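The chain below stands alone and is given in C-alpha cells; this is the form predicted alone.
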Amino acid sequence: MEEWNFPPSYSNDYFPDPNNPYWFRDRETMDPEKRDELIVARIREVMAYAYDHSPFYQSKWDEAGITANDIRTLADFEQVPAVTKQELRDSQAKKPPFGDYLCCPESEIHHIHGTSGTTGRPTAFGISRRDWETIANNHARIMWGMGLRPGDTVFVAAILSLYMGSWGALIGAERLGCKAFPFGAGAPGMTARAVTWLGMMKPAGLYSTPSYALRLAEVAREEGVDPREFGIRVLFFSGEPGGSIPSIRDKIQDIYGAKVVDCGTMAELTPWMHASGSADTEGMLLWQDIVYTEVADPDTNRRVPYGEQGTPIYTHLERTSQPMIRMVSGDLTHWVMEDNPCGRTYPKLPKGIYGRIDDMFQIRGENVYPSAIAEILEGLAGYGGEHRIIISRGGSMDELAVQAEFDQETRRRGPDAVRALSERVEAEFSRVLGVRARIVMVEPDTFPRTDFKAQRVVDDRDLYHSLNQKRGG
C-alpha cells in the first residue's frame, strides 16, 4: 500500500492528480481481505512499539497474558483487553500530565489539547510533531475524498481551543493546500459576522457541528441572506449526531445547496475523521488503514457481525505519541459491509454514530436516543428548529416530555395550527419510536441557539411533572 510505514513518514509534497477521486487508490480500493492481512501485521507492530514504550500497556497486557506475537488474525486481536476513558484518567492522575501510556519523550510533544473535564478530571492529549503531521496527512486525504481540492477555501466555524475538531479540520485543510480560514465560534455576535465573511469569501468547504450550520442559516435569513449565496460545496460535520440522520442531513443540504458529509469519532482517536463519508457515499466509511475500527458487543468487547449494532472500539495504526489500542468509545452504531458508491472498499456506518450508550433512556420498554427524537422533529413541517427533552427518572420507568418550538408560519396560523402540529408530533413518536410522550409546543426562539454541540436533554422530575400538569396528565 502507498506510504504504509510504521512509524509513518508521509511526504508533504505529495498530491494525486486533481481528477483522481482517491488520494491513495490502492489503500482505499483494495480487496478488504488483503487489507485485513496488512492490518493484522500492523497491529503487531503497534502493539510491540507500545509495549516497549509504555508501562500502561506493559502491565495491562502482562496481566492478560497476551503479547503482540499472539495476534495472527483479527479474531485474535479481540482477546486484547480494551481501554476505557477512566483508565486514561487514572493513568494521568498517577503519572501527570500525560499518563504512563505516553510513548514518546515529553520533549517531543508539539501540541497539547484535551477534554473539557465537565464530567470529571480532564484528559490531556500530548501530540508529537510526527503525529501532528500524520494527522494532517490523514485528514487531507479524507477531505480529498469529500471533494475538496487544493486552492479551495475551507471555513472552520468551530471553537479553536482544547477542542480537537476545529484543529483537525484546520490542519487537514492546510496540508490539502486549501486557503484555510480558522474563523472560530462562540463569541457574542460572531455568527452574524460569519454571515458577512462567508458572503465575502465564498468558501468551498465549511466545518462545524450540524446544530451550528442550522443556527448559521437562521441568522443569515434574519440578515436577509440566502445561505445558498455563500457558494459552499461541502459541509462536513462532527461533534454530534446529525450528518447521517436523513431528515437533518437533507434539510441542511437543501438550505445550503451543498453536500453534507458526516465524520468524526473521539478526540482521543485523532485523526478523528477516520470515520467519514465521501463525495459519493452517505454515512461514515471506516478508513480502516488509518484507525482500525471494530463494532463490538458492549458486554464482551467482541466484534458483532455486519448488520448488527454495537459500540465502536478503535485502534490507532499510525500514532506514536499516545496510541490508543482497543479504546472503547461508549457510543452506539451499526455497521455494514457492502459496495460503496465511491468505490472504496471499507465497512460503513450507514447512519453514523447514534450517540453515547449512556445517553439512551428507556420509555415503557422502548430504547430511545435523543438523535431519534431530533430526526422526527426535523422531518415535520412547522417545527421551529429547537427542542428540549425532559426525562423523569423517578419511578420504575422513565417518563418523557418534549418541549418543541413551532415556527413563525405556524404561529401566524394560530392556536389550531399549533394544536394540529402537537398532535402530529405525538402521532409520529408513537409510530416511529413506539412511545407516548407529553408534547408541549412553545413559541419560536424559546430556546437559545448554540455555536457548538446542542445540549437538549434535561433530567428533571419536577419540570416533567409541571409539563405533565399543563397537558392535563
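All residue numbers are counted from 1 along the displayed sequence. These figures come from a predicted structure and were not determined experimentally.
Separately, the form predicted in complex with a small molecule exists; it is not shown, and the next lines address it.
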- Task: Quick one: from Leu206, Met284, Ile325, Ile142, grab the residue that has a heavy atom within 4.5 Å of the small molecule in the predicted bound form.
- Result: Met284
- Item | the small molecule: the contacting residue among Ile71, Leu170, Leu160, Met266 in the predicted bound form [heavy atom, 4.5 Å] | Met266
- Message: I need the one stretch from 266-274, 222-230, 378-386, 186-194 whose residues put non-hydrogen atoms within 4.5 angstroms of the small molecule in the predicted bound form.
- Response: 266-274
- Item | 4.5 Å heavy atom contact, Pro241 and the small molecule in the predicted bound form | yes
- Item | Ser116 within 4.5 Å of the small molecule in the predicted bound form, heavy atoms | yes
- Message: I'd like to know whether Asp262 contacts the small molecule in the predicted bound form, with contact meaning heavy atoms within 4.5 angstroms.
- Response: yes
- Query: Closest heavy atom of Lys453 to the small molecule in the predicted bound form, within 4.5 Å or not?
  - Reply: yes
- Query: Even though the small molecule is not shown here, does it sit in the predicted bound form so that Glu78, Arg302 and Pro347 each have a heavy atom within 4.5 Å?
  - Reply: no
